[in-house]
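Have a look below at one chain only, the form predicted on its own, in C-alpha cells format.
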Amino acid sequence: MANPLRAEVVRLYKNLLYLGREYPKGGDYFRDRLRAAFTKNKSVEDPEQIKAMIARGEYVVRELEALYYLRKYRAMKKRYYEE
C-alpha cells in the first residue's frame, strides 16, 4: 500500500473503531466486523481501489454519526415531550 494512503486508512480505521464503541449491537460486534472488513481488503494495492474504499469508509462514518445523533434526539424528545 502506498504511504500517503496508508496514513488515511489507519486514520479511518481508528475513527471507525472509536465510533463503533457506541454501536447498538455492541462494540465487540462492531470491532469484529471492522477488523474482518479491513483484513479482507488488506491485499489491495491499486490506489484507485483504495481511494474508493476510503470514500466508502467515510460514508459509513457519516452514517454512524447520523445514527447516534438520531438516537440522542429521540431520547431527548421522549424525555421532554409527550406523544
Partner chain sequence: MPGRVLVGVKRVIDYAVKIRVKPDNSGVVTDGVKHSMNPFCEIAVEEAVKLKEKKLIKEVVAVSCGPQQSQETIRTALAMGADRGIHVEVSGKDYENLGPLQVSKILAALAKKEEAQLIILGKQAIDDDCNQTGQMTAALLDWPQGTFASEVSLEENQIKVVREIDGGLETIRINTPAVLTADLRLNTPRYATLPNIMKAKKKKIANVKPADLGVDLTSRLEVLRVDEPPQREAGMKVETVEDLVGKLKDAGKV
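Positions refer to the first chain, counted from 1. Everything quoted here is computed from the prediction, not taken from an experiment.
What comes next is about the form predicted in complex with the partner chain, which does not appear here.
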property: Any non-hydrogen atom of Leu19 within 4.5 angstroms of the partner chain in the predicted complex; result: yes
property: is_contact(Lys14, the partner chain) in the predicted complex, heavy atom dist at most 4.5 Å; result: yes
property: Partner contact for Lys25 in the predicted complex: the partner chain, 4.5 angstroms, heavy atom; result: no
property: The partner chain contact in the predicted complex: Tyr69, any heavy atom under 4.5 Å; result: yes
property: Contacts with the partner chain in the predicted complex, stretch 54-77 (heavy atom within 4.5 Å); result: Glu65, Tyr68, Tyr69, Arg71, Lys72, Tyr73, Ala75, Met76, Lys77
